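Let's start with one chain on its own, the form predicted alone, as structure tokens.
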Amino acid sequence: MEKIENYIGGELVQPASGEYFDNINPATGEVYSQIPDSDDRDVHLAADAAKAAFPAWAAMPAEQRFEILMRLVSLIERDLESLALAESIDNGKPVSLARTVDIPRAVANFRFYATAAMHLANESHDTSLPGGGKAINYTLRHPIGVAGCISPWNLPLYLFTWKIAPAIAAGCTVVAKPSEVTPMTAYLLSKLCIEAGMPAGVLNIVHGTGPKVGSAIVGHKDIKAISFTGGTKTGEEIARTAAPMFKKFSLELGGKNPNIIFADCNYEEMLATTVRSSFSNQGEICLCGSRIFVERPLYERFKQDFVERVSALKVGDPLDPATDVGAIVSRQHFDKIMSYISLAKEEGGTISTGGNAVTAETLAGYFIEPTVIEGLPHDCRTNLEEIFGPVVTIMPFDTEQEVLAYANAVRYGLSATVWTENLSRAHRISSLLESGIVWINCWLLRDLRTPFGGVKDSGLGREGGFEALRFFTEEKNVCVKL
């Protein structure tokens, strides 16, 4: 059985403890590899390696960092099929999704930031002085130092590279922790870094649990910035540690996203996209629309057609190209989702389709039918708390004011989707939604140049574009009197 290794100081190494724990294939429920049970000793080694590598890496021209990162891009592209297969086995997602979304996005992340770093510009200001005379103010941006990057299990390589790519491109060195639930592609990436000639210590990957590894990264004195994607509760704990240490931190946290459908929408495009935005990756995407609000004249038609299409989704082996919905990532998360389906029934909801675990001789792992629930009030627990699975609620509305109150009623504010052909309404609703991202007549259409992040309990700070590169730098103003 394969043992995953840490990547520290340019080498693959065993954890200091010598201990490992099981990595489970969620489609079968069987152990298929071993994960290092690392601790603060491994984090200290990684931070020391990153600190030692920082001066040379920060001083390296952006063009040279670009060349190294682009070699890594070529290797990921070369190994796309094997990486997609590994992602599917590790996470439970359909291999077709990993092949067309997850791994290509990892490629795009490195390519974008390798290029963007060469175009990160400093500002200057021509300043007129009282009584005559001039001064020039200009801003320098220096890499902040060693950065800590902690990524989640739902889009493993996609979001892992989304964090480390801008940090490395900006001239920082990194101590990174992938989720212990889905560590395999990060481990494979470490091998590709060695092959690409990444200088030792520039990227260090420490595998293990949040309490042992994640906490040690956040609390390490030499790690100057923390970029985290995950649950809101964990984000609160990170803030409690990082803020008194005056670290920079960026938190991309939970979501409970509204999907607002007006009767004048492009119906067929809306329907197909709403199925996708509800159940892609088993609903385990922080951007999935989990609360669907439909203008009343369209509600009955939508309900009938939506339920019909959702019922036709194929739940099955993630390695089967025909599979639409794969396995839930872990037994713990499976139990959480099923508990919310039970809660919805207790709160008076009606299961329009789904609602059951899928069990069959060929499906021995953690599978749940795509589930649509109606008849719930907008402010019940099912409609307020993040479920993060193949479960959505649907309900009608009559006015813009009403649906805005429904949409904004939750503690989260990550993304929202609005379907309407009325241009004025689209802009009006978008400006009033408490959300960091609004998609109009589309979903998950991403331009990597744009800022990404949420409001309220969905996070702090922004990723994406030059926002991410700037996050990993410190600004210095220089004033020269002429």
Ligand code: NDP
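Note that residue numbering begins at 1 and tracks the sequence as displayed. Nothing here was measured: the structure is a model prediction, and the numbers come from that model.
What follows is about the form predicted in complex with this ligand, which we do not show.
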ask   = Can you check whether P178 is within 4.5 Å of this ligand in the model of the complex, heavy atom basis?
value = yes
Using heavy atoms and a 4.5 Å limit, would one call F388 a contact residue for this ligand in the model of the complex? yes
**Message:** Taking this ligand as it sits in the model of the complex, is W153 in contact with it (heavy atom to heavy atom, 4.5 Å or less)?
**Reply:** yes
Residue-level contact is defined here as any heavy atom of the residue lying within 4.5 Å of this ligand in the model of the complex; does P244 satisfy this criterion? no
Here the chain appears without its partner; judged in the model of the complex, the stretch of 112-120, 154-162, 339-347, 320-328 with heavy atoms within 4.5 Å of this ligand is 154-162
Partner-free chain; cross-checking this ligand in the model of the complex, the single residue of G365, G210, G354, P143 with a heavy atom within 4.5 Å is G210
Among T234, S250, S278, T382, just one has a heavy atom within 4.5 Å of this ligand in the model of the complex, namely T234
- request: Would you check whether this ligand, in the model of the complex, lies within 4.5 angstroms of a non-hydrogen atom from each of I4, A27 and G92?
  value: no
When this ligand is considered in the model of the complex, the residues of 201-231 having a heavy atom within 4.5 Å of it are G208, T209, G210, P211, G214, S215, V218, F228, T229, G230, G231
